[in-house]
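What follows is one chain in structure tokens, specifically the form predicted alone.
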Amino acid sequence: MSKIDTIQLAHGGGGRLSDALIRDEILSRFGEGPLKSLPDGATLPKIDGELVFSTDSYVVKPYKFNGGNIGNLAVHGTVNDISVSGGIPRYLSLAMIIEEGFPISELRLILDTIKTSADECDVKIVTGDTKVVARGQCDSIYINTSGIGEKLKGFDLGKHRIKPGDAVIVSGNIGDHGMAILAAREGINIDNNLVSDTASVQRLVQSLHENFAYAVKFMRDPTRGGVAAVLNEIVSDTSYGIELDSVKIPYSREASSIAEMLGIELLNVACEGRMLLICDNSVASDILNLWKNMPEGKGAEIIGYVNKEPERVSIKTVTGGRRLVDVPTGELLPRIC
């Protein structure tokens, strides 16, 4: 039999090619734990206390970009959702929908990236599924990951705890991921290359738990819709608002260049390795110093404060004026995650 170097419909048909794909590409990377015997469902050790559960699907176009690929994204996205919910990620499922004709070499690259990212995040792939669809029914590859984590004791997260005077902190440059996807999709080249920020925020959350859990009131990773969407969600149906300081918001030079060229507001652009935090102002400087001494948080800044203007997100401009920070009516950048 000649060597098969692209995905065939038969790879999803349950026969010999399916068996070979699972054995050679899936079990060779993830088969040391509960996945080894290929059960229909994973049997996991009992976790004491509360669980955190999250699921997400990834349809990013293109599936490769500067700084990562859909594999990084699928691990980091679910790990981060669990982390900012106050949990420690433990287990992931991995489900893939692959288009007929997709190069097996590219699938291997993605699976290797998933393995590396999962190991770095100390999470295990414990169950999964693979489907193959005909040409034209899927754009190369789609991935779904679901995650289970262990709830960290000590966090009390929620909009109800936020009050005027609280500080808003971001862990690094915003908008790099969305702009990196756009640059790859449209063939935009700029000096020094724009790199996606896809990464885990797990260590940032754990550093808060160890030192400042009592003062942390809200955590979120600003993915689709970016920082603006998260902040507007926070202040909706509340008696408070948020004012940002444009001078304090960290942007990379590369992302700013593309955004300015295309007329895009970076506050609306997705991140995949950043987190927003609202905390009591008395510990804001301490948290900032803590994060700046970590690789994941070296670009962290206090970007604003909660105020008494109900349901309103505004930004102080460099000239001393103020403007509202709203969210787009439609989707600004489709297929960025």
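Residue positions are given as counts along the sequence shown, with the first one as 1. All values reported here derive from a predicted model rather than from experimental measurement.
The form predicted together with another copy of the chain is left out here; the points below concern that form.
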query: Any non-hydrogen atom of I148 within 4.5 angstroms of another copy of the chain in the predicted bound form; finding: yes
query: is_contact(K131, another copy of the chain) in the predicted bound form, heavy atom dist at most 4.5 Å; finding: yes
query: Contact test in the predicted bound form: P250 vs another copy of the chain, heavy atoms, 4.5 Å; finding: no
query: Contact of V52 with another copy of the chain in the predicted bound form (heavy atom, 4.5 Å); finding: yes
query: Stretch in contact in the predicted bound form with another copy of the chain, which is absent here, among 204-212, 259-267, 102-110, 229-237 (heavy atoms within 4.5 Å); finding: 229-237
query: Single option in I162, A183, V84, V216 placed near another copy of the chain in the predicted bound form, where near means a heavy atom within 4.5 Å; finding: V84
query: One residue of A42, L27, L290, A284 in contact with another copy of the chain, assessed in the predicted bound form (non-hydrogen atom, 4.5 angstroms); finding: A42
query: Contacts with another copy of the chain in the predicted bound form - residues in 89-111 whose heavy atoms fall within 4.5 Å; finding: Y91, L92, S93, L94, A95, I97
